[in-house]
Structure formats: C-alpha cells, structure tokens
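What follows is one chain in structure tokens, specifically the form predicted on its own.
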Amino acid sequence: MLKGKVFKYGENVDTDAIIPARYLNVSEPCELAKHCMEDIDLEFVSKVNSGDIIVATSNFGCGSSREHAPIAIKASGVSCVIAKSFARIFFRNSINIGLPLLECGDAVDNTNNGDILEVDLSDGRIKNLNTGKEFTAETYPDFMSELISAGGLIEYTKKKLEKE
C-alpha cells in the first residue's frame, strides 16, 4: 500500500520539465533527484517526501526517450505517478526502473494538489483520503508487477539469475 501527498501537474509534462537537459551529464539518481521538476515547480524538491505521489493530466513524460526522467522521479522519493495518459517510452522506462504508473482519469479529475492518496497497486484502488472518494485503475499483468516489485528490470533479472 502506498500513501502520500499529491503534487499535481497539467498536460504534456515533458522529460525536459521532469529533469532539465542541462543535468543529463549526471547519472547518479540522488543527484538527478536534486533537480527533479525544477523548471515547472521550484518548490518540488524541497517539499517532496518519500512516498509522495505525482498526479498529472494527459501525456505525462512526453519528449525524449531518456531514462533520466523516471529515475529522477523515483530517486526524489515519489512512490508512483497517476495520470490520464503517459507517453509510451516514458511508461516503459518507468516500469524498467521500478516506478509504478497508473492511468486513471477519474482519480486525476477528483484530486487536488496537496491531497493525500492511498494506492493499492495489487488491485488498482486509489483512495483520496481528503474526500473519501475511491477510484480504480487498471492493474498490471503479473510479469510487470514482478518487475516493479523487484525494483525494475535489472533487479528482477539479478534475482532470476540467482535462483538458477
């Protein structure tokens, strides 16, 4: 079960807004996290806490195919991102690094910045604790749930190889 404060953004939040291109020479997650969202929300880094949740409208993560964007989000402490839709490559990159994403338009439309959400990835349930409203996102297929639970594709692969 995930629980955190919402940071809400609009549509077409691109990878340059998530992690500005001027920081792409950095590869350490903790360094990327220091600049996460800074071009659209200067206070994000100072206010985000472990477990918090990003909520956005449509086409979140559009732009370039860099993995730096989901890495910066995850390293900042965000537990998941909920949006009406995601750019395909951002979605795949996020799963590969173990950052859960949920598509749920009703939750987006009924959530405000600062609300507290409780999210159960196993059944896709999202509850806004401020309003009491509940929403359901589509759940992941088993293999994707395993990737996310393991912490991403690399960790999943390591665990599989250790078992052999």
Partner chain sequence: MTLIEKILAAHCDKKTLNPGQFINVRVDMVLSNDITAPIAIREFNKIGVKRVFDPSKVVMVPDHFTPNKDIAAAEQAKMVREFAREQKINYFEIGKMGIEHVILPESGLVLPGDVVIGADSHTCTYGALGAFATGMGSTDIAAAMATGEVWMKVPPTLKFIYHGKLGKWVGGKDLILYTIGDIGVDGALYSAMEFHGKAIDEMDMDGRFTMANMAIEAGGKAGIFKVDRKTLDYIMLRQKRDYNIYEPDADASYIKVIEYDVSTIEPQVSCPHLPSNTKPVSQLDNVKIDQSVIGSCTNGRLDDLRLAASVLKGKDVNSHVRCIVIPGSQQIYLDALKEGLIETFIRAGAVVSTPTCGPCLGGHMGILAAGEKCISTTNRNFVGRMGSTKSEVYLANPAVAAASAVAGYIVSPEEI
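In this text the structure is predicted, and so the values were computed from the model without any measurement. Each form is matched to the other, and the largest set of C-alpha atoms that superpose within 1.5 Å is called the rigid core. Positions refer to the first chain, counted from 1.
The discussion below concerns the form predicted in complex with the partner chain, not included here.
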{"query": "Segment assignment from 121-129, 106-114, 44-52, 26-34: heavy atom within 4.5 Å of the partner chain in the predicted complex", "finding": "26-34"}
{"query": "4.5 Å heavy atom contact, residue 79 and the partner chain in the predicted complex", "finding": "no"}
{"query": "Residue contact check: residue 66 to the partner chain in the predicted complex, 4.5 Å heavy atom", "finding": "yes"}
{"query": "4.5 Å heavy atom contact, residue 148 and the partner chain in the predicted complex", "finding": "no"}
{"query": "Interface membership of residue 39, the partner chain in the predicted complex, 4.5 Å heavy atom rule", "finding": "yes"}
{"query": "The partner chain in the predicted complex - contacting residues of 70-88, heavy atom within 4.5 Å", "finding": "71, 85, 86, 87, 88"}
{"query": "C-alpha of residue 139 off by 2 Å or more between the shown form and the other one on rigid core", "finding": "yes"}
{"query": "Core fit, then residue 153 C-alpha moves 2 Å or more between the shown form and the other one", "finding": "yes"}
